[in-house]
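Only one chain comes next, encoded as structure tokens, the form predicted on its own.
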């Protein structure tokens, strides 16, 4: 059961990555590869600050700001220097590898002795639950830290999702969504399309870096290689979420991205539980994404044939 609770916690943490990918790929239709560098940047900034004794909340917010700057840089390269969106993301991602190494000073920063948000969640939970390091929940024996981290992660992700939903319902958020749908119309209405794209990519990568900051605290380390494959992970979560909710409603799509992230992580955990070789994890991830891409269309095709 520990494997499943850990998977649930990681799914919640990486749902922020899925929300960031949703903004760039679905709202702005922007192929942003900055993700693989910004998630590591958020983890690196947060880890270094935690090692220096800075409060975890400040370190986490700093990680978010760092990711936002990385996304804004990609937006500037695309809008002001007229580079292709994919190339802009690749350039920033490549540069961030060196930036992350400079931030950390080495390839890996351990957080075993640092005070983190998960440790704070465990301390708060321990004040209310006077028991050993294991809890009995609905007949399952759970690790206390995972139990409280899952609860804290759920609360945190819920707050972020609600704020994101209401932001996209504001005039600015609506203009950003309209920019992704029809930039020519928005430009004709006098809106600053370039500014909307830059702001959108900054928000997207800020959420991705926030996910990286939380991930580093949960895993107990930040590593320069931790961002590899995260674009695929985020896309898989968004695609699975869209298949689950089957709606274009903003609120349901945000909820779907979170559900997709959790389900995707649970599927990976189950595959590992069944004896999957960890070396095949990326291959299985690619197969999951492939299945998520083709299955909805296949099901819709069969439903149409059945109706006829």
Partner chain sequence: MLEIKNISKTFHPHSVNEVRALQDVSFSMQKGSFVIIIGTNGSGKSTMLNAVAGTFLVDTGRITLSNTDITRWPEHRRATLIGRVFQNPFSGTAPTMSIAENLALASRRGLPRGLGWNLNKDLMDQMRGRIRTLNMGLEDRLNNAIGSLSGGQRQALTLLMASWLKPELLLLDEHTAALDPKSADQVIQLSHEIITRDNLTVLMVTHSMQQAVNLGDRIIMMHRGKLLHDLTGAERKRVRVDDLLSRFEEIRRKELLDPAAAAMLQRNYI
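Positions refer to the first chain, counted from 1. None of these values were measured; they are calculated from a predicted model.
The form predicted together with the partner chain exists for this protein as well; it is not shown, and the discussion that follows is about that form.
Here the marked residues 108, 122 and 219 all miss the partner chain in the model of the complex; none has a heavy atom within 4.5 angstroms. In the model of the complex, the partner chain sits within 4.5 Å of a heavy atom of residue 248. Although the partner is absent from this view, residue 174 contacts the partner chain in the model of the complex, with a non-hydrogen atom inside 4.5 angstroms. When the partner chain is considered in the model of the complex, residue 189 lines it closely, a heavy atom lying within 4.5 Å.
Contact annotation for residue 182: at least one heavy atom lies within 4.5 Å of the partner chain in the model of the complex.
When you look in the model of the complex, the only residue of 98, 225, 170, 158 with a non-hydrogen atom within 4.5 Å of the partner chain is 170.
Of the residues 114, 72, 235, 178, just one reaches the partner chain in the model of the complex with a heavy atom at 4.5 Å or closer; this is 178. Only one listed stretch (148-156, 161-169, 81-89, 98-106) carries heavy atoms within 4.5 Å of the partner chain in the model of the complex, and that stretch is 161-169.
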